[in-house]
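So this first bit is one chain, no partners, the form predicted on its own, shown in structure tokens.
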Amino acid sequence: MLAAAGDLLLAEGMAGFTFERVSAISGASRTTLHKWWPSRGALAAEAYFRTVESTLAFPDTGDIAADLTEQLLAFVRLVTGTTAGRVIAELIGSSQTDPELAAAYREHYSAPRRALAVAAVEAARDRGQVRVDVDAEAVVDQLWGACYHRLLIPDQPLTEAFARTLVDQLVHGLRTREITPS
């Protein structure tokens, strides 16, 4: 059911996404779909996550800068190079007025994605790659929040170069190095 729902969602977006269409494609009855998902938005959110989950698998090479860069690049490629970007923007927009979609989005997409990134930063902290006082939640907000901003408010393009710059500036900071006279 989720595979059929995900395929339909990516093909047609929320405009063409209905219980009736998912039922016809998947072979599951509408009653079954309604039993498991309280709204079409809730079904769409879970289907979206299941569809993109493998693309957004978080790497674990032991190098936090490389892992964050690769993860952010995978996200940028997904949302700029496929229909997934349009769909996630629709889901975020619709979640503002659909409480079931908002709950499903948090449960099936944003919370699991966030947890992976937070765990990666915390593991890097445990390995001594980042300062002990680094707020892993804030790191996630800094990186993905900037990407979502450019996706949803496209004043500036969301590009791979932008993603690389985000990680580089986060890892290396903004301060100039103080040079001590020799």
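In case it trips you up, residue 1 is the first one in the sequence shown, and so on. The structure presented is a predicted model; accordingly, all values stated were derived computationally and were not measured.
Missing here is the form predicted in complex with a further copy of the same chain; even so, the following discussion is about that form.
Review point. Quick one: in the model of the complex, does every one of Arg86, Thr165 and Asp168 get a heavy atom within 4.5 Å of a further copy of the same chain?
Key: Checking in the model of the complex: Arg86, Thr165 and Asp168 are all within 4.5 Å of a further copy of the same chain.
**Study point:** Single option in Ala120, Leu33, Val52, Ala146 placed near a further copy of the same chain in the model of the complex, where near means a heavy atom within 4.5 Å
**Key:** It is Ala146.
Exercise for review: Tell me, yes or no, whether Asp155 is in contact with a further copy of the same chain in the model of the complex, where a contact means a heavy atom of each within 4.5 Å.
Suggested key: Asp155 belongs to the contact set for a further copy of the same chain.
Review point. Does at least one non-hydrogen atom of Ala42 fall within 4.5 angstroms of a further copy of the same chain in the model of the complex?
Key: Taking the distances in the model of the complex, the answer for Ala42 is no, it never comes within 4.5 Å of a further copy of the same chain.
Check your understanding: Can any non-hydrogen atom of Leu56 be found within 4.5 angstroms of a further copy of the same chain in the model of the complex?
Key -> Result no; Leu56 lies far from a further copy of the same chain in the model of the complex.
Point to revise | Asp141: touches a further copy of the same chain in the model of the complex, heavy atom cutoff 4.5 angstroms | key: Yes, Asp141 sits close enough to a further copy of the same chain in the model of the complex that at least one of its heavy atoms falls within 4.5 Å.
Exercise for review: Select from 39-59 the residues with a non-hydrogen atom within 4.5 Å of a further copy of the same chain in the model of the complex and write them out in sequence order.
Suggested key: None of them.
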